[in-house]
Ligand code: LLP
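Starting off, we have a lone chain in the form predicted alone, written out as structure tokens.
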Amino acid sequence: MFDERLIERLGRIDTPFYFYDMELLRSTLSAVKEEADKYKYKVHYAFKANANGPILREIRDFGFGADCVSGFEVRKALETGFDPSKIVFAGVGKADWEIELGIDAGIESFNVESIPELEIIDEIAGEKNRIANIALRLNPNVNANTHHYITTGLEENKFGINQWDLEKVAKVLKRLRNVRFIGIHFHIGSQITDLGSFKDLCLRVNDLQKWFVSNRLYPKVINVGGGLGIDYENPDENSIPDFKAFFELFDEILELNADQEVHFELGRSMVAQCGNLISKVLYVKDGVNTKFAIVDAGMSDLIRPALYQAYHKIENLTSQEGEEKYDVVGPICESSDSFGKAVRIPKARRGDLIAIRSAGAYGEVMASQYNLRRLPLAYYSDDGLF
């Protein structure tokens, strides 16, 4: 994706910064919409992946909803012009003001994660003389086969209502007067590349549906969350995930009742490949059995490699000379400030432009000012600069 003209223009900008390919974003969103529309599926974009204004506006204009996990994300969704009736709000620790914001805005639903939360939403809605829509987030105890930090659907995780509490939840629901039960919600994890995990989820949803119907609770919405992964190793060859196979699986396995809606909460798969962290080489340093390419981006700009030991493809955009191995590291005062070890790239020299690929999700949105560094700026391919 980086031709000579683009590289020359990127080289004029102070590094580090994020660069977003907006044409790739639009192509990805088109693919999501085309495949989801075949089954009348509804997609809510997961704000936690990337909350940049230009990206959110593109997603809004495609007609997608918003999946929020904080009141601040709900507020940003409303300010960006997302339809409140397409906003869902999850999270294990919703503060009172966040619940009030959602009720006042008339959001589609709160994805409720515990009995105490359910009771508080009912209490706050009652004080406002309102009815709040709720979906119960259930913990299906399905292994997503992904990094343990981003697995969310096991009984050991903090998320969702465990199945042994369902009878108690049903009794609570039937006595509350200011909440309306509209559905059941699941999310088993993130960066899932084995579709077998989603098959397991569908089978569990089918079983749980029968329990709800037998207890005279009829979910209109089946929200299966998100989690579809991307190809970090081959971002150009596989720039758009296989949404066709993903949505087909749910259509084949989910057993739906009449008039039920299936909702998804996709994030990474919609935005990750369009984003790149652009940096420059500061120094090349000899080490013991290795060479260090020290770049001006750090874990404060992209924490995924340090936090999750995540892989991102690293490219030297400037050099065409023969490949060498480098530990590509940043300037932060932490040994974990590393983007990759024994990375093969063309020979690095001071000033070379480095691209860390597939950084459009959980990149800039997780940036910090550790070591009092400035937050990275963002540029877009639609800018006049490009």
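As the structure is a prediction and not an experimental result, all values here were calculated from the model. Note that residue numbering follows the sequence shown and begins at 1.
From this point on, the text means the form predicted in complex with this ligand, which you will not see here.
Stretch 264-272 is the answer when you ask which of 233-241, 92-100, 264-272, 211-219 has residues with heavy atoms within 4.5 Å of this ligand in the model of the complex. In the model of the complex, at least one heavy atom of Leu228 sits within 4.5 Å of a heavy atom of this ligand.
Proximity of Lys48 to this ligand in the model of the complex falls within the 4.5 Å heavy atom cutoff. Looking at Ser109, you'd find every heavy atom of it more than 4.5 angstroms from this ligand in the model of the complex. This ligand in the model of the complex comes within 4.5 Å of a heavy atom belonging to Tyr308. At a distance of at most 4.5 angstroms from this ligand in the model of the complex, none of the three residues Thr28, Lys33 and Tyr380 contributes a non-hydrogen atom. Contact with this ligand in the model of the complex, defined as a heavy atom within 4.5 Å, holds for exactly one of Asn139, Ser190, Ser300, Asn316, namely Ser190. Using a 4.5 Å cut-off on any heavy atom, the residues of 344-377 that reach this ligand in the model of the complex are, in sequence order, Tyr362, Met366.
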